[in-house]
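In the block that follows, a single chain appears as structure tokens, in the form predicted alone.
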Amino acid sequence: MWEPDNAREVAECLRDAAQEHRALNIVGAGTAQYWGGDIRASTTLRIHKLDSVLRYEPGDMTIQVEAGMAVADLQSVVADHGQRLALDAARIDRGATVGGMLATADQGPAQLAFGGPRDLVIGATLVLSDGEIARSGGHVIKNVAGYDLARLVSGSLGTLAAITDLTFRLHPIPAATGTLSIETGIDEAVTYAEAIAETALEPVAAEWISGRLLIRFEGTRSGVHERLDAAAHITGVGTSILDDDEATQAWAQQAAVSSRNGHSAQDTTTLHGLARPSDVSSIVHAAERSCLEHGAVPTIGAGLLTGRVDLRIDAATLSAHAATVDQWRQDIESHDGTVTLRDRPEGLTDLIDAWGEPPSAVAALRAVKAAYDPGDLLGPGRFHPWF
């Protein structure tokens, strides 16, 4: 295992790897190391020692940090100035790094209001497969010069370059937050969420978790209170406004859907589906059918207005996992969506591929991979069988 201390040493590692034709598995905290296909690499390149703040401008609400810094540590730094990085993916609580968040394009409920990691990055430094250091963007929000390399590596799962530092735009910590809850099926939940979205209430999250709709608002204390009341008027009888402890528990339940933390890896598979928001209801029903037919137990979390559906499968046999994954993936692909296989029992990818049908843009993906990593040394196997 290689554990460089800075960007210069990362570049030396990649140059050595290129000269020796050595395949690398690039990781930060390792919270997503099993996502996608099984990597065929002889060496792991961990960047967790790159964990410093390089530049923080509270007045501009921007911060540049090394890519191995834990998101939680970054939040502690900026919280002293009443600011935050508006990311809330579940694995942040397990130590996920800022570089890992961009490389996986991981998203949480706040995506509805703030977008994903790539939408918050305004600058990036990468080390390419030949050891060359490349920079993109800058320290100010209005900077459009050059290629947007941060967006290029978003979701690349460490197969195009090593990320060494990132510059983010920040947001203020809200004075108050509030959560509305109602027990309801997915179809009604979608109807409620769409009705609320058509108003000026501007929720920051709208999630459905296996029979429960959660709507979150942020702002001033009086403003949040007024919007909770207005949203409750739309959803009607059965709606409750959660106190702080209840809200914390409810959102922890949402986070548990997409994280295997606390669950046996041998019994649990987690999947991440993306499709059009209008297809969320159909995809949730498809997940329930797939699990029922193959004897698996589903836990489902859906971003009702963003098109994200997370599915956790608990099943007794590998064959049940494989059959459920395969059927649900075909359902999502029939809606022109995609599925990422995340954590899963050992041996599952002996039964099914990690990825389904190639997307229509697979030729472009292969061309980008060939241009940035011609020797296929970065994360080989991660996107098998696409490339």
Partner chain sequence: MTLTETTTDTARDDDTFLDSLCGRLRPGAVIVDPTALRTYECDGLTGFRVTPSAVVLADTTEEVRQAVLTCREFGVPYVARGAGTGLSGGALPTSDGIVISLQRMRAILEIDPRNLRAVVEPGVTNIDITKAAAPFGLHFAPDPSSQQVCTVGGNVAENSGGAHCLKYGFTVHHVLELEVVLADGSVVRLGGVNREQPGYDLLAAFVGSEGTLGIVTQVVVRLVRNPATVHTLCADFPSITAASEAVTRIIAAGIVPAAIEMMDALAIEASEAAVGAGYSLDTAAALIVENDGPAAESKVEFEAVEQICRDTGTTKIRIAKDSAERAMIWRGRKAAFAAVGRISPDYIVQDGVVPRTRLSEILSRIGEKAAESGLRVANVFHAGDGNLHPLVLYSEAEGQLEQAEELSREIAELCVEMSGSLSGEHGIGTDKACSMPRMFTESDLAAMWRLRRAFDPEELCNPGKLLPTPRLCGEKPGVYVPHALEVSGDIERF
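Predicted, not measured: the structure shown is a model, and the values here were computed from it. Positions refer to the first chain, counted from 1.
A second form of this protein, the form predicted in complex with the partner chain, is not displayed here; the remarks below concern that form.
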Next item on the list: With the partner chain left out of view, choose which of Arg276, Arg289, Arg212, Arg94 has a non-hydrogen atom within 4.5 angstroms of it in the predicted complex.
Entry: Arg276
Check: Looking at Ser240, Thr248, Gln75, Thr220, which has any heavy atom no more than 4.5 Å from the partner chain in the predicted complex?
Finding: Thr220
Check: Is Glu188 one of the residues lying within 4.5 Å of the partner chain in the predicted complex, judged by heavy atom distances?
Finding: no
Item checked: Non-hydrogen atom contact Phe387 with the partner chain in the predicted complex at 4.5 angstroms -> yes
Check: Given that the partner is absent here, does Met61 sit within 4.5 Å of the partner chain in the predicted complex, heavy atoms only?
Finding: yes
Check: Heavy atom to heavy atom, is Trp2 within 4.5 Å of the partner chain in the predicted complex?
Finding: no
Item checked: Partner-proximal stretch of 125-133, 311-319, 240-248, 85-93 relative to the partner chain in the predicted complex, 4.5 angstroms, heavy atom -> 125-133
Next item on the list: Within 4.5 Å of the partner chain in the predicted complex, which residues of 355-376 have a heavy atom? Give them in sequence order, or say none.
Entry: Trp355, Ser360, Ala361, Ala364, Leu365, Ala367, Val368, Lys369, Ala371, Tyr372
